[in-house]
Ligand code: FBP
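Form predicted on its own, single chain, as C-alpha cells, below.
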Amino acid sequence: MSERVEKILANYAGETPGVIGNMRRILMHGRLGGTGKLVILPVDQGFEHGPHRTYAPNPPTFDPAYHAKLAVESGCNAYAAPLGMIEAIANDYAGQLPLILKVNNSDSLGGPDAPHSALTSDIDDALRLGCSAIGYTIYPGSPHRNQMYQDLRDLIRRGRAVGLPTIVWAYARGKMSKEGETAIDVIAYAAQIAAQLGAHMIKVKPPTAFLEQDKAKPLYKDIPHATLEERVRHVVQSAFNGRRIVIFSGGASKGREAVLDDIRAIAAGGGNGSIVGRNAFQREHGESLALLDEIMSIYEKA
C-alpha cells in the first residue's frame, strides 16, 4: 500500500471496488508505482494521423509489439491504444502491463470544423482483452459535443458496473480559433467538463497563456497564468480542486529539452503526470528509453 496513492483514491470514495482496484493497479504499476504520479504511453496516432506521419520517423514502430515492449522496458504505468493495437499484443502483455483501450477514434482525412470520433470498440472488448481502463475523447467546442457527452455518460456507467475506470481525453476543438484549442481558459474549462461528466482521470494538453473567451478575459487578470507551472496549477484546480487525476499530453513532436521543460512545469504545478506518445516512440529506441527515464526522474522528485 502507498499513502500517496490511498490519499488520491480517497477522492473517489463513491466508486465501486472494481473501479478503485483498477485505478490502484495503474497507480501502483511501473517505476512510478506508489508515488501518485503517472507516465502512460499512448499509441493512437496511427489511427488519428496516419501510419507514415506516426511511425516513419522510427520504422520499427510500425510493429504494435514495439510499443508495448517500450512501455514495459521504460516502466510506464500503463499503455493506451485503439482496438487493433491492443488486440495485437494483449495475449503477451495483459496481466503484466495495465492496458487502456481507447474506445473512440477519428481520422484526419475529414475537415476540422465538426470533429466527432467514432466508437471503434466497447466495454466488452476491454473485458475480453484484460484491460484495466477505457479511454474516450471528447471535443468541447464541436457541434457534436453533446452526442459525445451522452456516449461518454453511457460508457462510464457501463464501465463502472464491471469495474473499469474511464480516462477522458478532453481536447477542445471546433468552433474556436486554433490558438484557443490550448488557451488556458479553454483547457481549464475542458478539464471541468470532463470532471463533471464523471471521468476518473482527465487528459488535457499543456495550456498556453492565450485567452479565447471574451467573458473569461477580465477574470484571468486575477488568476496567475504567465508560466506553464501556474497554468497547470489552475487546470488541476479546475478539476474539482485537485480531487480528480489530471495528466497532460506530450503535445507535438519537439526537442528533448523542450519536452523536459514542460515536464518540470507540470510536476511543479501539481499535475499527476504525463501521457507521452510521439515525443517518446518516434525517437530511436535507446533515446526513447533515456527520455522516459528522465521524465520519470522528474516525477519521482516531485
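This one's a predicted model, so the numbers in the text were calculated from it and none came from an experiment. Start at 1 and count along the sequence shown; that's the residue number.
Only in words, not in the display: the form predicted in complex with the ligand, which the text now covers.
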Each of 29, 77 and 89 near the ligand in the model of the complex, meaning some heavy atom within 4.5 Å? no
Only one of 59-67, 237-245, 37-45, 258-266 has residues with a heavy atom within 4.5 Å of the ligand in the model of the complex, and that stretch is 37-45
Using a 4.5 angstroms cut-off on non-hydrogen atoms, would residue 283 count as touching the ligand in the model of the complex? no
Find out whether any non-hydrogen atom of residue 205 is located within 4.5 angstroms of the ligand in the model of the complex, and reply yes or no. yes
Partner proximity in the model of the complex: residue 254 to the ligand, non-hydrogen atom cutoff 4.5 Å: no
Please tell me whether any heavy atom belonging to residue 272 falls inside 4.5 Å of a heavy atom of the ligand, as the geometry stands in the model of the complex. no
Though the partner is not shown here, which residues of 265-302 have a heavy atom within 4.5 Å of the ligand in the model of the complex? 275, 276, 277, 278
